[in-house]
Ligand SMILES: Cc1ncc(COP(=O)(O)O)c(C=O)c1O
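So this first bit is one chain, no partners, the form predicted alone, shown in structure tokens.
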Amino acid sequence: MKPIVNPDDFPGAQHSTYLNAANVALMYKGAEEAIADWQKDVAENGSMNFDEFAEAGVFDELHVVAARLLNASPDDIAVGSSATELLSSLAWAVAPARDKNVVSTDIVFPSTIYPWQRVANFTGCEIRFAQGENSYANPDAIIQLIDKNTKVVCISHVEYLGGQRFDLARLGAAAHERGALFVVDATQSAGAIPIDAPGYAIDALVCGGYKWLCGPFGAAIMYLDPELHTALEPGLVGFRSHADMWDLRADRIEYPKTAKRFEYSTMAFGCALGLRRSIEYLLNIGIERIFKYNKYLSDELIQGLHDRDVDITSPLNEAERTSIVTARFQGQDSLKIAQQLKAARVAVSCRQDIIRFSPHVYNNITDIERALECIDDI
């Protein structure tokens, strides 16, 4: 399969064999330029160009492209500095009571459940964990924990450690059947896997920009179902929280009647402009096309690892697999292997006792072949 991006769009891909998007992806050049241009303008001109009008509308274009990414409306999108920030504000907005519970898995990335743990410490609600084994959580075990007292089911679309992909439509239906909210962390999927937030019965979704979206640290997005736009009071508030942010009276807050009510303060605004550029770039390629291309790369990697008798620990069935490929080298020190690969300018991650490979849109078959050759040398 031919490469689907111009190599000039990712200069860093020409200097290394970078198979580590699940950690930090290479940034799209246009995003980098947008951030640098904004920073330079503010450094040299202050508010001459980035004035009150520009600040009020700084997220507008990101709302539009993020909505396209998730098959939603721009009114359903909020922007923040990180997925954790947005999820924390949501957790305090929902604040499950003492007689309620929150369902997740014990293999989820900590930031996906910590905000609910913090709220539970205050309200006394129960946190329920479906037990995982070998970085895999059975979806049936999640569903079995959901009952009439479940307020929230909160999971990652794709698990960071093993690359498992959950059937969001199935879990969303199970949550709603018992009156629970369905909350998804899509940081390990958005930009690489098609997502239909309304179609999957997702009530809220958060996603950082620096992984599969090929954007920067410092900007993230949240989707909020329209029925929740006016039902929740954000846990974090600031001067942007008011419907007219420049009506600077301190004696009231009138929240916007959209997801924008979760946007509350200043941030490194250039990062949001960069994230808009990177999402737009990926949308122009096509997320379904990216998904198929990344699968092709991971197929070749999996076959090469199988040929070397390496133990593949990530799911191999079509319904649950992603382009994250995890492997265990029997009798070998995984951390040492990862360090030796890095010395050979092959970027992967070591997580617990496994090596995690995560090719993305800027990779090609030559990258896979070189990684396998370096493994042979090691």
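All residue numbers refer to positions in the sequence shown, first residue = 1. Note that the structure is predicted; figures quoted are calculated from it, not measured.
Just so you know, the form predicted together with this ligand exists too; it's not on screen, but the next bit is about it.
Within 4.5 Å of any heavy atom of this ligand in the predicted bound form lies no heavy atom of Y296.
Put simply, G208 is close to this ligand in the predicted bound form: some heavy atom of it is within 4.5 Å.
This ligand in the predicted bound form is approached by S156, whose closest heavy atom lies within 4.5 angstroms of it. Of the heavy atoms in F262, none are within 4.5 Å of this ligand in the predicted bound form.
Of the candidates T105, S278, S89, T112, T112 is the one whose heavy atoms come within 4.5 Å of this ligand in the predicted bound form; the others do not. Comment: this ligand is not present in this chain, but in the predicted bound form one of S82, S241, T150, S135 has a heavy atom within 4.5 Å of it, namely S82. In plain terms, the part of the chain that comes close to this ligand in the predicted bound form, with a heavy atom within 4.5 Å, is 210 to 218 out of 210 to 218, 301 to 309, 118 to 126, 287 to 295. Of the residues in 176 to 206, those that come within 4.5 Å of this ligand in the predicted bound form through at least one heavy atom are, in sequence order, D185, T187, Q188.
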